[in-house]
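Here's a solo chain for you in structure tokens, the form predicted on its own.
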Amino acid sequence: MSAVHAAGAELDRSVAAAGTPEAALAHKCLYYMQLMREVEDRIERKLYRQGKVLGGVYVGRGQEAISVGSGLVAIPEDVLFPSHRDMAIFFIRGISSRRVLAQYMGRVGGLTRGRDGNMHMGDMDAKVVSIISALAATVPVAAGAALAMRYQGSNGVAFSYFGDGSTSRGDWHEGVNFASVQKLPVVFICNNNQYAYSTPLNLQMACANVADRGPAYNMPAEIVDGNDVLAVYAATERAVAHARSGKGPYLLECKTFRMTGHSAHDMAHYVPKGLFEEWGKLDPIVRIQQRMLEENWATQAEIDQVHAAVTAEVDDAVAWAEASPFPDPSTLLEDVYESQ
């Protein structure tokens, strides 16, 4: 049995043994948060430093609870638009860590088969849409997807992810306004990690909270503890129920902190060091582990088994990705379309 299948089997075993729905959910959350962190740590702290990953590297360290807590609410009909800090979405939708790591190394085994090495990846079969580098630009696209689902008679909801800085861009406001006017089934999920690159929140918006922007569009808005994965899950359930019932979009502001620089080359000297220490005490993985122990949802040995399984899975994924070849240059023009 490969490490990938072993990790999946360990997740299935731990979920089955959890006993209650709450415990089973906690086990899933721990697995996906730990997988996201381990994959991103390998990418940023090892493969990038070794020169095996080129281009910008952006991670969601400390923000894992947002993509996991929300992504686990989605049903197969839903379409997800993750940002560059929402890697867990790919795993939750069935995309393997092997393919993600091959993607970052520009290999044939990646989601773009080596056409783009890095984060510009999606999988329409899994209904995961690739990011647009100008992050807020995906917001009107998500609204368009929601409109398309309505025309198709689908019960799906579009999940649109972005950072706090995106909410100060015009395309964010245009997309949100369109979704609200048309009462489209969109859940807007803000990773408010306090910084838009190097600009702190108070210097890029006048209101105290991103959620304060919701009432201007007659859109419900809710502030959530973005480092509490179960709180994110519960809030997303409320938001999705609202959107899926035909009442229009819903805005979730998940307050968190970016426990790293904007990217791998950014040392984040502009961030007061005390903030890292303060937010480090609220680590979402540590918090769910503590909750699992307090509620008797898991033993420490079971938690350790999850970590070991994830480490083995990522070891396997790195080896598989490195063994995947680079694309043949003769295939360069395949899947390239010319408008007439």
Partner chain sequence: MSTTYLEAIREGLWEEMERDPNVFCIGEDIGEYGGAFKVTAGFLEHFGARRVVDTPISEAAIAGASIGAGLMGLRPVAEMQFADFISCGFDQIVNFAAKCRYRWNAPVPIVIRSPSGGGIHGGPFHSQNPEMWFVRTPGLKVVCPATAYDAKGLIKSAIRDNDPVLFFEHKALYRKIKEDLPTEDYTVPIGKAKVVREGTDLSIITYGAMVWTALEAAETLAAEGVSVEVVDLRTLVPLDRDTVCESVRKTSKVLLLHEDTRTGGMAGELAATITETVFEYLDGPIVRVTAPDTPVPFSSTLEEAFLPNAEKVIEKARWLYRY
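Numbering follows the first chain given and starts at 1. Computed from a predicted model, the values in this text were never measured in an experiment.
Separately, the form predicted in complex with the partner chain exists; it is not shown, and the next lines address it.
Proximity of Asn177 to the partner chain in the predicted complex falls outside the 4.5 Å heavy atom cutoff. At a distance threshold of 4.5 angstroms between non-hydrogen atoms, Tyr31 is out of contact with the partner chain in the predicted complex. Proximity of Lys247 to the partner chain in the predicted complex: non-hydrogen atoms within 4.5 Å are absent; the residue sits far from the partner.
Among heavy atoms of Gly214, none comes within 4.5 Å of the partner chain in the predicted complex. Judged by heavy atoms within 4.5 Å of the partner chain in the predicted complex, the contact stretch among the candidates 226-234, 163-171, 75-83, 148-156 is 163-171. When contacts are defined as a non-hydrogen atom within 4.5 Å, all of Gly106, Arg115 and Ser198 contact the partner chain in the predicted complex.
Here is the short version: of Ile89, Val129, Leu135, Met119, the single residue with a heavy atom within 4.5 Å of the partner chain in the predicted complex is Leu135.
Scanning 264-278 for heavy atoms within 4.5 Å of the partner chain in the predicted complex gives His265, Asp266, His269, Tyr270 in sequence order.
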